[in-house]
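Let's start with one chain on its own, the form predicted on its own, as structure tokens.
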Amino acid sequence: MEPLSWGGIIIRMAVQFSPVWIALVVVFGLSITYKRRLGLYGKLFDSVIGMIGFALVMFWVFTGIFAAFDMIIQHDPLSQVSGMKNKLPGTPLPDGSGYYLLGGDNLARDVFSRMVAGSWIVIQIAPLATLFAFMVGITLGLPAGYFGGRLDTVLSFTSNLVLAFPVILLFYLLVTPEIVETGIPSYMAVVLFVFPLIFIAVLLNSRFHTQTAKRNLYVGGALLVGLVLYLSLINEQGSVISFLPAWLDLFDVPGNLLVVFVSVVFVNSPTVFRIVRGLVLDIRTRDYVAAAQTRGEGPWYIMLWEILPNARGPLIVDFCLRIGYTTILLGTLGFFGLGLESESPDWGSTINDGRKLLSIYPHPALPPALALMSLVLGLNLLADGLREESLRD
């Protein structure tokens, strides 16, 4: 088998990504067709910048999802093939069974497969960790801004205390092996991961507080499901938090992944808290809040169903930007060999592996670097599009 030309490499890569192209066409087709019924999301398709950003983000989302089902990856991202060390893009395998489309790295692993597999790691951690951080920040920021007083003083002081540390330094401290061995990240997970339960319970209770039967059903069901997921999330066999029987532990989160997840939530929550608090201080003076108070609505109903929906524009924009920041932080951690396993195909670790021979063999480091850049660029463009459309709303 002869090595592929760059034209052949591009064609074969496009074929490998065919499930992603199909998914993008379906999503864009349905979204544009029904955009007038989809609120702010539908209005996004009136913005060229927003559409470009959304396409870049969804490309990597679908890539990560399909990679998890081995629909794009050609070779095992951790397997080594003899004779393929630092081979150039388009080099055929010695047994003639295929190609390393983007070449091999210094351990003879497929660069293309590692880049694709790395997208799934980013898609798992960045959006979900950012969502958890938002739930923590919103749950604390709403009452701090609405009630004020000592509660606001204590919570603001605590958030400022966390923000006083440089973000990167704080990340490094949380994921270093010495800190992990103390069990501090596991105990932090116990505290931080309970906030989504609190948020959902208060949200449903405030919405259906006058309908007792519905409230009990919805709140009880949500708490039951959430509690099982919460216990499974914080429980890990062999760690300091290990108390569930095997039949009740629905899933295990690898220790290194949990540490990174907790670190992202902890670092981002104070910033979200400050944003939410500032928005509440402004919105609570509006006439519709006074009208809700006059109707006799409870404070949590006003916060969650009057104030929060009217703060959605800035929060959605910040959510997209914060996913980008988290992606960069994950890449930085991987680059310095912190957080995930050393053989992990995450983009930061892959870039770090490739940089050692960058002047001689640039191909192992460039694909994950470009992938990271394109995802962050897409998130920034998506945030710009959402900001543009939310201002028109």
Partner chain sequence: MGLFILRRIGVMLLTAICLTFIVFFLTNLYPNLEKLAKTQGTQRMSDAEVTSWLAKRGYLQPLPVKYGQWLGVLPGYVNTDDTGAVINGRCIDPRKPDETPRKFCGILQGDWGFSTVFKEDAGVIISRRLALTGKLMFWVMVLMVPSALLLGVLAGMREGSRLDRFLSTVSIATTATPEYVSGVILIAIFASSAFGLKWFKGTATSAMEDANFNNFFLPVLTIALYGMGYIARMTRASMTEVMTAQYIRTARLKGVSFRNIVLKHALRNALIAPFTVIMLQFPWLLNGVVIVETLFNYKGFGWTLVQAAGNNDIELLLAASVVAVFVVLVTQLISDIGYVLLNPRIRIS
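Positions refer to the first chain, counted from 1. Just so you know, these numbers come straight off a predicted model, no measurement behind them.
The following text describes the form predicted together with its partner chain, which does not appear among the structures shown.
S.K.: With the cut-off set at 4.5 Å between non-hydrogen atoms, does residue 381 touch its partner chain in the predicted bound form?
M.R.: Contact check for residue 381: yes, within 4.5 Å of its partner chain in the predicted bound form.
S.K.: Answer for residue 22 alone: is it within 4.5 Å of its partner chain in the predicted bound form, judged on heavy atom distances?
M.R.: No.
S.K.: So in the predicted bound form, does any heavy atom of residue 178 sit within 4.5 Å of its partner chain?
M.R.: Heavy-atom contact with its partner chain at 4.5 Å: present for residue 178.
S.K.: Is there a non-hydrogen atom of residue 362 within 4.5 angstroms of a non-hydrogen atom of its partner chain in the predicted bound form?
M.R.: Residue 362: contacts its partner chain in the predicted bound form.
S.K.: When its partner chain is placed as it is in the predicted bound form, are 15, 69 and 229 each within 4.5 Å of it, taking any non-hydrogen atom of the residue?
M.R.: No, the candidate spot makes no contact with its partner chain.
S.K.: Identify, from the list 51, 328, 65, 58, the residue with a heavy atom within 4.5 Å of its partner chain in the predicted bound form.
M.R.: Residue within 4.5 Å of the partner: 328.
S.K.: Which pick from 166, 148, 309, 220 sits with a heavy atom within 4.5 Å of its partner chain in the predicted bound form?
M.R.: For this set of options, the contacting one is 166.
S.K.: In the predicted bound form, which of the stretches 279-287, 168-176, 205-213, 297-305 has residues with heavy atoms within 4.5 Å of its partner chain?
M.R.: It is the stretch 168-176.
S.K.: Using the arrangement in the predicted bound form, list in sequence order the residues of 365-379 with any heavy atom within 4.5 angstroms of its partner chain.
M.R.: Going through 365-379 in order - heavy atoms within 4.5 Å of its partner chain in the predicted bound form - the hits are 365, 366, 369, 370, 372, 373, 376, 377.
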